[in-house]
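Just one chain follows, in the form predicted alone, and it is written as structure tokens.
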């Protein structure tokens, strides 16, 4: 058994509103909002990196957990925008936190990386001790690679989220977590070194709208629960259209969806933990509540987790 001991998030200060992108791509602001549900997103400044954002989010999560970096048993980072092939963001984050000698590795999966990292942390924590999980992305520098694409530039933003997964029972218990992968359509969401992002939006939306609800139903079936039994759904914030499709498929009211994609855009592997941190900060993880997390992303990979809030 494991629990989530503390949450954190870090967003760059620079805001990119729809107006700027509408002018760049010569499209109406209303069109961007209608197809994405996004009003603005954040952009990293020149000195900000995935590791620096991850550090900021991690220190907030550690403070909330009452832990020092030296008390960590492992570090796992989900990201699709590491600035170098190897070592990954986790190595730089470990250096920044001054927590040497413990396992530190990356999960290089855009969008779903933090959910997969969470699943790995649930297995690692009972053996190694508290595991810092972070999702960190600076997608803007990838999107700047020519040719800039309207379809991706209007979606993505930068940021980082973090959570500490600790062994044993606690107020927010990680009851179950499952993920799956299928590389058959992996080329439809991919990134080659130095190349622009490839995203077949139609395929991604189609697969996500099918596989994410199926993952949630499978997870809940293992616990003898139905979607109607869940108080809050916190999904990867891909876009508002997809979030609404998933809610409709699960036959749950949109009021039970946590949404911040309108303010931050799609922050890829960071989005799930940024959303979870905000949900916790808003007091939505109240005793007695059941919360489902979910993500779909590169690979293709997807999964879901069940949280039980004890108090």
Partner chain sequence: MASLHDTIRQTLEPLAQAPIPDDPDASLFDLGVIDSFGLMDAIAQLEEALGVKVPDSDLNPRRFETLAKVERYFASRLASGG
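In this text the structure is predicted, and so the values were computed from the model without any measurement. Positions refer to the first chain, counted from 1.
What follows is about the form predicted in complex with the partner chain, which we do not show.
Only one listed stretch (270 to 278, 58 to 66, 254 to 262, 239 to 247) carries heavy atoms within 4.5 Å of the partner chain in the predicted bound form, and that stretch is 239 to 247.
Between the options 190, 207, 152, 71, the residue in contact with the partner chain in the predicted bound form by a heavy atom within 4.5 angstroms is 207.
In terms of contact with the partner chain in the predicted bound form, the residue from 199, 185, 102, 225 that brings a heavy atom within 4.5 Å is 185. The closest heavy atom approach of residue 35 to the partner chain in the predicted bound form falls within 4.5 Å. Shown alone here, residue 96 lies farther than 4.5 Å from the partner chain in the predicted bound form, counting heavy atoms only. The partner chain is not shown here, and in the predicted bound form it never comes within 4.5 Å of any heavy atom of residue 141. The shortest heavy atom separation between residue 178 and the partner chain in the predicted bound form exceeds 4.5 Å.
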